[in-house]
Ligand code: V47
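What follows is one chain in C-alpha cells, specifically the form predicted on its own.
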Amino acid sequence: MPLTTSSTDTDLSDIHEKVMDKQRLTYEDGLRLFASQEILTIGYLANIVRERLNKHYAYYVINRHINYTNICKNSCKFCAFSRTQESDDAFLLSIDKIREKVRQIIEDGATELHIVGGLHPDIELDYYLSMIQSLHDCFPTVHLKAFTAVEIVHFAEMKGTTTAEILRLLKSAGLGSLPGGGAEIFAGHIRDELCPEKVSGEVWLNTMREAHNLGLRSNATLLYGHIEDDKDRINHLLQLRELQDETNGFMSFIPLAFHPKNTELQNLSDTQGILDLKMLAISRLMLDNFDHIKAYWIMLGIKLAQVSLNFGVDDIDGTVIEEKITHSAGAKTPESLTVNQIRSLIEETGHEPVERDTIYNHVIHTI
C-alpha cells in the first residue's frame, strides 16, 4: 500500500513545505535529500508528487528489446556488453533476423520495440535506415523506440552529416522516439575516467534537443553507483530538468543501477537498496517537469521494483524479452516477464496496473 506516514524529519520540513506548495526544489535541497537518513520521509514526499501526477496507476508496456550488434568502437569501463569485431562472440543481426525476432511478439500484443546497439565502426547509414523502414512497413502498429543519442552522433560521423539530418531521415523512415541511454553521468571528469571516447554530456543533451524539436520524444537516464557522487547526480538531474523546461520532450526518467560484474570496474559492489530507493525518490522530487519515473526492474530486481512504486515510481517498464546488456554485467533477474506476472506484482503493491503504449496512452483491449 502507498506510504501513509505524515511525519517528516525536522531537517526536511522546509522541503516538505515546498513539495506541498508545488515549489521547485533547488540544488541544495537535492544534496540534503541524498545526505538524509530519513528514507521513509523521502519516499513519502516522492509519493505525494507521484500520486499528484499519476494517481494510483502503475504503468507497464508490452515490449521487446533488440540489440542489433555488440560490436562497438568504444571501450567504456562500465560496459560488459561491447565486443571488438575479432571477438568470438561478436554479432551483427541481419535485418531479416531482426524482422523474425519482431514477428514472434506481434501475437503477444507488443506495442513497442526498444532497439539499441554498439557503435559499429564499419556499418553504413543505409543499414539503420533500412532496418527502421522495414520494421515500420512490416509492423506499422508497433512503435519504434530506437537508437540512443550516442548512436545518432555515431551515424552522423560515419555519414559526414549533422545529427539533425540523421534524425530527420530516421523519422521519415518510421522512427517513433529515442531511448534514454548513453547519458551515463554528464560530469566531464567522470566521463573522462570511465568513457573518454563517448560523446560529452553537452552533445548528448543537444542531440536530444534536436530530436525534441523535430517532434521525436525520448526518455532520459542516469547511471549511478560507480564513481560518481551526490553532486554529480544532482547536477545531472538539473541539466535534464533545464532541457525539459525548454522542450518538454522527455517522456520518462530512468535511473540505471550500475552492475559491475564483467566490467573494468568489477572491484566495485552492486548498488544497495537504500541508494536505489533514494535515487528513484529524489529523481521524482527534483524532476518536477517529468511526468513519469520508471524503475527498470531488469536492473533493480523485481522485489525492489515493487517497493519503488511507493517511492515515487509510477512505471516498471515492461515484458522486455531477451535483455542482453545488463545481463552481460551479471544481472540475475529474468530476461522477460509475462503480462500476468507484471500485473500481479503491481497489484500486490496496492496499485492499479495500466498497460500503456510508448507515449503513455492507455491501451484498451477490445474483445
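Since the model is a prediction, treat every value here as computed from it, not as a measurement. Position 1 is the first residue in the sequence shown; the rest follow in order.
In what follows, reference is made to the form predicted together with this ligand, a form of this protein that is not presented.
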TODO: May I ask you to choose, among Gly201, Gly249, Gly180, Gly174, the residue with a heavy atom within 4.5 Å of this ligand in the predicted complex?
DONE: Gly180
Task: One residue of Ala257, Met279, Met131, Leu285 in contact with this ligand, assessed in the predicted complex (non-hydrogen atom, 4.5 angstroms) - done: Ala257
- [ ] Report the stretch among 77 to 85, 132 to 140, 98 to 106, 154 to 162 that approaches this ligand in the predicted complex to within 4.5 Å, counting heavy atoms only.
- [x] 77 to 85
Task: Non-hydrogen atom contact Lys294 with this ligand in the predicted complex at 4.5 angstroms - done: yes
TODO: Tell me, yes or no, whether His212 is in contact with this ligand in the predicted complex, where a contact means a heavy atom of each within 4.5 Å.
DONE: no
- [ ] Verify the contact flag for Leu45: yes if a non-hydrogen atom of it lies within 4.5 Å of a non-hydrogen atom of this ligand in the predicted complex, no if not.
- [x] no
- [ ] Indicate whether Thr207 is a 4.5 Å heavy atom neighbour of this ligand in the predicted complex.
- [x] no
Open item on the list: At 4.5 Å by heavy atoms, is each residue in His65, Thr221 and Thr263 next to this ligand in the predicted complex?
Closed with: yes
- [ ] Quick one: name the residues from 132 to 160 with any non-hydrogen atom within 4.5 angstroms of this ligand in the predicted complex.
- [x] Lys145
